[in-house]
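First, one chain by itself: the form predicted on its own, in structure tokens.
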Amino acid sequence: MNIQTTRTRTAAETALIDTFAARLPDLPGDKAVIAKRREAIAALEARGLPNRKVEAWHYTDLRRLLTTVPAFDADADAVAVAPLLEGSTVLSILNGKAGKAQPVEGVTIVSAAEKMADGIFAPALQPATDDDAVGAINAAFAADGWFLDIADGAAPATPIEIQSAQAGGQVHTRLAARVGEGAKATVVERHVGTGDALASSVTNIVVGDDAELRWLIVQEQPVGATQLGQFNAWIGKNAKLTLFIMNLGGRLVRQEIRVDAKGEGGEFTLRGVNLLAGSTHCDVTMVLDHSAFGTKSTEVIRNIVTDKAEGAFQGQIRVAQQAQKTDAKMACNTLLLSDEGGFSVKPELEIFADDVVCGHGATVAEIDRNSLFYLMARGIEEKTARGLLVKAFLAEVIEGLEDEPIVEALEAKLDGWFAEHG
């Protein structure tokens, strides 16, 4: 006898499906884009949100953790904030709608809504895998964002900050950049807000041959917000991509990183700081492909966990057979400041080449009591001493960016977080 079971939809799944039907007439895009949107929501309807039985989501049961989905709020009045780096050119996205483009020499800037009217855009909405829930949700609902085309050899004099601000409801943005051959640029991707929201963002980057790109993602959503992010990048020959991620807010956070070092001699550097407090759940998941000869990568993640917060880092490095002379190193270190919090680490190496140098390491520990005693014995009160040790633990990751204005701005963010949660 065949027994068939019907999966019961969660409230969040139902809300997403119903909202799509109501929102579709207002979403931008040509026929091909609309078709991709329908495919994305159909996949979500068929499979539902992923749970821990799906390997990539083992530490983040989205079906259980995403309990509610707020309605779109067309009247929400989001407000931009001061840029992270003084003097930056700011490209704002207020409650999901791109503002006025600001001119940057050597850079062509177009809104995502405008690009979606172009028939060649539809393939970019294809989710990466069958279990790519972030890509599917964003493909269904993304209404605006920014596309940057940095000309060959260009070197913008000031950083560019793409600032997505929300004031409640839902905000779904799409970002992309092409960095031309030999170009150099610094871009800040910022996610801020004041309300309980569901926000998603997908970023696609192509780094041309001999180019250098530094991309900073700073996520500082309020305590009631869900932030689902995805960063996809393809690195050309002898190109360098440095990605810095700082998570210091949000209730439920998933930041995915998918990078392909596809050009000979390409180099990828990831530095990350996760500051987790309250009942935050934060998951940073990376899949890195070394696809060409002589590519390099270094990943350093540092985490602070206090209160009842939970976090996870999943890092998979895959080395193709033709990627001989690959040099890849990955490390994830965590300080637990509470007995009620936790952090899970899952490093993986999948190597098909035989002439490589690859390694990974992970630690989860408390503050060193000997170091704490040493500082307190010299007249420093315990709270201050603990703060000094925690900041020292994070300093290496930030200072490794080797840019004084950026280091100072990020350390100021650390100080603000410690003042609230220290």
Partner chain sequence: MLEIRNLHARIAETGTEIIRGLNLTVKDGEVAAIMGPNGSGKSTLSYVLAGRDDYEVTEGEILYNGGSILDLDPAERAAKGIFLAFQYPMEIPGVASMEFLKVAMNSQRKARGEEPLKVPEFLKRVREATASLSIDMAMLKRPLNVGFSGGEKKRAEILQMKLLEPKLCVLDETDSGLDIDALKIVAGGVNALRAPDRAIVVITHYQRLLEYIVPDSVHVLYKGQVVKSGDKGLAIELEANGYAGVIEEAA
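Predicted model only: the values in this text are computed from it and were never measured. Residue numbers count along the first chain shown, from 1.
The same protein also has a form predicted together with the partner chain, omitted here; what follows describes it.
Although the partner is absent here, Ala46 sits far enough away that none of its heavy atoms falls within 4.5 Å of the partner chain in the predicted complex. Heavy atoms of Ala362 never reach within 4.5 Å of the partner chain in the predicted complex, leaving it off the interface.
When contacts are judged by a 4.5 Å heavy atom cut-off, Asp368 counts as touching the partner chain in the predicted complex.
Of the heavy atoms in Thr384, some are within 4.5 Å of the partner chain in the predicted complex. Between the options Cys358, Leu389, Leu27, Ala42, the residue in contact with the partner chain in the predicted complex by a heavy atom within 4.5 angstroms is Leu389. When the partner chain is considered in the predicted complex, only one residue from Leu375, Ala32, Leu65, Val54 comes within 4.5 Å through any heavy atom, namely Leu375. Residues within 4.5 angstroms of the partner chain in the predicted complex, judged by any non-hydrogen atom, belong to 389 to 397 and to none of the other stretches in 389 to 397, 349 to 357, 65 to 73, 32 to 40.
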